[in-house]
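The chain below stands alone and is given as structure tokens, in the form predicted on its own.
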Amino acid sequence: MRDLKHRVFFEHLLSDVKNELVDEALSEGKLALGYSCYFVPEVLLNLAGCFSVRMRAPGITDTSIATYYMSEKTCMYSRSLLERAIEGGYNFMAALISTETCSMMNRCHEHFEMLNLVKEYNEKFFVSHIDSPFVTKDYALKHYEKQLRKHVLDKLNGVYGVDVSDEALLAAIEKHNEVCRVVSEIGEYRKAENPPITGYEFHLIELISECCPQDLILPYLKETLEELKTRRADEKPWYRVRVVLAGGENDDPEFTKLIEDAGAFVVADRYCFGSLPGREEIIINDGETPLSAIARHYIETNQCPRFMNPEKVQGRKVYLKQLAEAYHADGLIVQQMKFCEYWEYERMYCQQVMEEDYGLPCMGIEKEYVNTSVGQLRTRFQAFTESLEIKKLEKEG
């Protein structure tokens, strides 16, 4: 297939958190609001005059200073964010919205405050921590909504005078839903037998939709969608098998490309900050306020292994099975960041359940934030691809 028109531009945008579209929004006087967890509703950070910035540390090679503060027994993602903050990589941000979901990430964000990493450049900069629930009961939902009001909306309004009225929230939801519709429609092409898009390309598209101001990136997303409607795939499918990629933090499209270079098409992105979940439209039911609808949406769609109630534990496995069926996947790859306490248990349990209860071949791997064992990973992906091919041949008789 010919390259997507904006592929190189998308790759360039992801090379730095403070990319040219972020600079353009900042020049217009908009507030950059950082976040690093799905428990922080992206839509609330895109109110009028604001834009969300997904916390990343592209190009990080050394985390020695952050390791001094956090120890080497914490995940490299949290240490990489702290290292980049110490380097000054987030000095353009107006606020960082954090959650209590992960002790390592919470510790990283606390160091933003203790070391005055951004406040030195913006005296109004603040870090706000949300206490997110472990369960999905009604009382937990009410608590979550109160947390969003107190630690996001009230803080933005009190410090920066951001309009947090119901009308402002409705406008943010409408804009958010438009982005979700475009990205989801692009993602639907992955279901085709011979799709006009690769998993690597979709990974680029999903990430830029999270890392760039929505108003500025939306025209590029729409143009890419129109391009895909007429883009012709090669006559023979380039892949040998199809896989769902699940797991924790994964903001590196090169990791997806590594899997696809082994012949496995990544048809669904069920990992932290992927589109499944992440790009479902927010629906406001009768009797709901915009904020209560947002809180309910993020609790219902959330597939984080932090949820411990039986409905969510089992529901995560059912969801993966449904994705595998909808996207015609031959197998499942579950990846976890080293030292990630939640995904470590989830990966081991998921492998057993998906294979024994659902008959879906599963491969589990442990990785670092920066891929340093490319050769070993490539060998494992190639072996898994071959095993899936053999199973397909046996199934076909």
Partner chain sequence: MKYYGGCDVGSTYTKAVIVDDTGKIAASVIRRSKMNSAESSEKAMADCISQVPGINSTADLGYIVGTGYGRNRVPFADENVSEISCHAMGVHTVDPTVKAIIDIGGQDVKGIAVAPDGTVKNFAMNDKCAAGTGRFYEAMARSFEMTLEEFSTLSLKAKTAVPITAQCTVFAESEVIALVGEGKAPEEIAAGIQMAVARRCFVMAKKAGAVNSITLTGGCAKNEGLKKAIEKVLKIRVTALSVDPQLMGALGAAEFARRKGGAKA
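Residue numbers count along the first chain shown, from 1. In this text the structure is predicted, and so the values were computed from the model without any measurement.
Form predicted in complex with its partner chain: not shown, discussed below.
Using a 4.5 Å heavy atom cutoff, G375, Q382 and E386 all lie near its partner chain in the predicted complex. M363 is the sole member of L26, V370, M363, V353 with a non-hydrogen atom lying within 4.5 angstroms of its partner chain in the predicted complex. For I390, a non-hydrogen atom is located within 4.5 Å of its partner chain in the predicted complex, even though that partner is not displayed. Using a 4.5 angstroms threshold between heavy atoms, E394 counts as touching its partner chain in the predicted complex.
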